[in-house]
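As a starting point, one isolated chain is supplied in structure tokens, in the form predicted on its own.
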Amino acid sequence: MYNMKVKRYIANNSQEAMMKVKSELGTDAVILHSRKIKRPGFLGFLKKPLIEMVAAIEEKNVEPKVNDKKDHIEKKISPLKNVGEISQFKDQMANIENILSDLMNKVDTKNINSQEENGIYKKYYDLLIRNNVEKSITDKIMNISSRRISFSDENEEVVCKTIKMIIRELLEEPRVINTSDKKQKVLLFVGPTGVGKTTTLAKLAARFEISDKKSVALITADTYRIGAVEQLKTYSEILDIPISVIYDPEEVIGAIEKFHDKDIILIDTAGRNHRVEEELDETKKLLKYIDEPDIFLVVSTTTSYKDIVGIAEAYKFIENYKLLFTKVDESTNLGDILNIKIYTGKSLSYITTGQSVPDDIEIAYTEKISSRIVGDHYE
């Protein structure tokens, strides 16, 4: 059995009110009403108004204890003198439950359909589609929103913040390198050509060395691309970080042993054509010689979603990796970050926002990404 729990919240702004609702009633709560109210006191009309929000959630009744439940059932069944009556009673209860279930589904569907006809609903639906969020994911976001809030012009601030909150939930928290852990870490960067792996690696190396005060070493297996080794050697000289060049996958064992006293070792791999399976063989061989590396699949936000899916499929032989997105500053929208996060089920890690080393790299904070997808209104 279910009861409807309804609560009223007062907050300084809509975002704070939504957080109160979420923390107390959970993410399945429905916003019944939202409005601005005057602050109390004689001079309340001169101050910024408060937000009043009324929310509700279906609450399941606590099951009675075993003995109590047994007594309850016996009392209910005791008037029924034979098995036939008991069976009839159960059938009637099942019919009632089916009727109630159908009724709730019809109400829910009617509510969603009415939301879809709303101008604000269409505005944000179209916004997500324009920002490259896949239709199936857009439908999911809007359906969840429809169950939590009411779409209306006067409620747009709550609508916007709710959609951002849902996107943040879908993106989940990023997983980055814990530099406070004393265990040596080996970071391996893989991905197609032209996404900026080498520059990204240098940015992280500088971040670990300068900001986190860690001892760092570099290894490059990218001996195919013209100038790749020289590029990383230049970074190593500027940052005063040692580097080792390997020409065969098995050489990585000696290179890692050489840097046994370093806190973090970053390994650059050659960018390969993900459509040619043979070109990925070297990466597969390299993985055999490295014990529990932190692997980053580096992809560019300027790459089409179809191609990113192809890249993810090509690298599915790697069981566990983190997504690292580059060239965020060159992309007009970030919907594909959400798309590929959901498609792969892998965690976000870092994003790069320019060519400057070491400045233009940061943690893939979901607040920023959701704001870029939906817009930074009502911040």
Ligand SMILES: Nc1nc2c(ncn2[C@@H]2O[C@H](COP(=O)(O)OP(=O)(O)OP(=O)(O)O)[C@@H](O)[C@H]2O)c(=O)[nH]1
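Residue numbers here begin at 1 and follow the sequence given. Just so we're clear, the structure is a prediction, and the values are computed from it rather than from any experiment.
If you look for the form predicted in complex with this ligand, you will not find it shown, but the lines that follow are about it.
Contact check for T332: every heavy atom lies farther than 4.5 Å from this ligand in the predicted bound form. Proximity of K346 to this ligand in the predicted bound form: non-hydrogen atoms within 4.5 Å are absent; the residue sits far from the partner.
Although the partner is absent here, T179 sits far enough away that none of its heavy atoms falls within 4.5 Å of this ligand in the predicted bound form. For the chain shown alone, K341 is not a contact residue for this ligand in the predicted bound form, no non-hydrogen atom being within 4.5 angstroms.
Checked against this ligand in the predicted bound form, the candidates T283, T199, T138, N132 yield a single residue with a heavy atom inside 4.5 Å, and that residue is T199. The partner is absent here, but in the predicted bound form a heavy atom of G271, alone among P293, P174, P249, G271, sits within 4.5 Å of this ligand. Listed stretches are 204-212, 187-195, 151-159, 166-174; the contact stretch with this ligand in the predicted bound form is 187-195, by a heavy atom cutoff of 4.5 Å. Applying a 4.5 Å heavy atom cutoff to this ligand in the predicted bound form picks out D329, E330, T352, T353, G354, Q355 from 329-364, in order along the sequence.
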